[in-house]
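Single chain ahead, by itself, as structure tokens, in the form predicted alone.
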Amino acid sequence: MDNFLQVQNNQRVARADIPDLPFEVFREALLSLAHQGGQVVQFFAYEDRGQNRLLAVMRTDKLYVTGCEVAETYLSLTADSTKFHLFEREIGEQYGIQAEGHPWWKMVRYHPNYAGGTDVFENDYQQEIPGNYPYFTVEGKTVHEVAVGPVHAGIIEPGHFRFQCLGERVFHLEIQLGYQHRGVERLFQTVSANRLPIIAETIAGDTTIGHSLCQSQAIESLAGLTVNKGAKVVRTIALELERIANHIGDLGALSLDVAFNPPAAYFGRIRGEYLNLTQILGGNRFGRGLVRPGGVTQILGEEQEQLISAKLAELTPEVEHVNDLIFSSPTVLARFDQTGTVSHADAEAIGLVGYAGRACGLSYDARVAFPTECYADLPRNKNERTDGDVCSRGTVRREEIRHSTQMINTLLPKRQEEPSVLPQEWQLAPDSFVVSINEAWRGEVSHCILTDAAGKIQRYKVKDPSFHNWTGLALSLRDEGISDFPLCNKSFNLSYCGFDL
């Protein structure tokens, strides 16, 4: 590992300590680690003193970082490992750097590249408004395409799905996003410090705690801020309440997709109960305004503890009862079993994270591998079903609801009424680097910050778990009936805006 610097989660390191490799050595080091089972946490470009550079963070049971200077073109890593697939496309889009030999060289989010240079994609289809995109096509007299979106029924966000089919059988699904691109990463590099947390918690509205926690931890490391024990308890409980509410909502939606309406109605109500618990904890049903650099803005008092504890005791048997209805129904299981399967090998090859990865037998959980807040003292979860299908993804969610409830009940008596944080200015360490990782409800969330010589943010990189997992949804539709798409889609329930940034 001479070509890497081993780092800890949320550890501030001097940028000068990060290896600066020749590109050929950099490429070989990343591919070697990837072939040994390593996965990509971050892989991005940035500009430094007029020169484009690449920086990569890889994980095994440890975290490794390395970097290099890069020319306008370089030999693609994706040609040898699909783990780098979307990362390289994003680099090309953001900085106009060409990954030669990339097998799927297309736009990601639709925006002019940061450097203001020449576009690197063919057919001049880079534009600020999505639409002109070279979709993969399958030719044949009996082959047809089905286009869904970007405008959808209901309230979901925009995204386009292009199916290539033979009758009802799906050969390939290509997913094109980018309609929700807001330029979040560039905003982080330009706004005042007091606006950073407000933007972070709106990256993906259903992952408010996951993203705001990552940013707060990164800033705490760079600014030397300490967090008291009471705040850590509140943060951990908030993250687990966010997990439970989303899993319950999705299990109800999965029931609705197979026309089993009672659990959908029950879980619709029960999800609201867990959102209300988040409001009791922090003053907002979605956790807005709770997590801030240095701690939390609300104290967990005795009254809040009793209210949350009593409500959990009331809701837990209800949740179990509704889950029993879902997972004991033959008609439901007939639709869940062996539908939308992603193999263990494919999941590892594309780097699936979160419950989608664990449903395929990948054990990775950032709460265990790289624990923050109170997680080092809490038990890990076990997954009993890992067949990679809709039923496995649903079962893992059910298991995680139980596990999260257990952790919250363990933490509530450990509350400490310590001071909450007030809005404050902080000074980030100059010429520094930090990577922050947390297990949000969909999986691994990561924020990465590079500061310049004046302690200003030079590069801010965000990765939502959906960045890994949209490819998994596409794979789950191979050789499936097109009518199973809503079921597969909901079993992943990925974020559009979290991906689009």
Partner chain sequence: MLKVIKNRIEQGHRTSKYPKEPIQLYHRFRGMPKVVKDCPAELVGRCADACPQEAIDRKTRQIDLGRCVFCGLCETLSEGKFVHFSQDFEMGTSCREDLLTLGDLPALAEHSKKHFKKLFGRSLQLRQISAGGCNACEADTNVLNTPFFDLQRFGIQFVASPRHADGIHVTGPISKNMRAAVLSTFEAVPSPKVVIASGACSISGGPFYGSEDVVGDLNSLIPVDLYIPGCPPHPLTTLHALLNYFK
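Residue numbers count along the first chain shown, from 1. Fair warning: this is a prediction, and the values are worked out from it, not measured in the lab.
Below, we refer to the form predicted together with the partner chain, which is not included among the displayed structures.
Could you tell me which of 70-78, 314-322, 136-144, 372-380 sits within 4.5 Å of the partner chain in the model of the complex, going by non-hydrogen atoms? Comparing against the partner chain in the model of the complex, the contact stretch is 314-322.
So which of I299, C165, L412, I175 reaches within 4.5 angstroms of the partner chain in the model of the complex, heavy atom to heavy atom? When the partner chain is considered in the model of the complex, the option within 4.5 Å is I299.
Single option in Q94, T202, T339, T405 placed near the partner chain in the model of the complex, where near means a heavy atom within 4.5 Å: The option sitting close enough to the partner is T202.
Can all three of Y179, G183 and L422 be found with a heavy atom no more than 4.5 Å from the partner chain in the model of the complex? Yes, the whole trio is in contact, each within 4.5 Å by some heavy atom.
With the cut-off set at 4.5 Å between non-hydrogen atoms, does G357 touch the partner chain in the model of the complex? Flag for G357 set to no.
Does any heavy atom of N132 come within 4.5 Å of a heavy atom of the partner chain in the model of the complex? Contact with the partner chain, no.
Proximity of L307 to the partner chain in the model of the complex, heavy atoms at 4.5 Å: Close contact exists here: in the model of the complex, L307 approaches the partner chain to within 4.5 Å, heavy atoms only.
Interface membership of P158, the partner chain in the model of the complex, 4.5 Å heavy atom rule: Output for P158 is yes: heavy atoms within 4.5 Å of the partner chain.
For the heavy atom contacts within 4.5 Å of the partner chain in the model of the complex, list the residues of 187-206 involved, in sequence order. Sequence-ordered list: L187, N194, R195, I198, I199, T202, A204, G205, D206.
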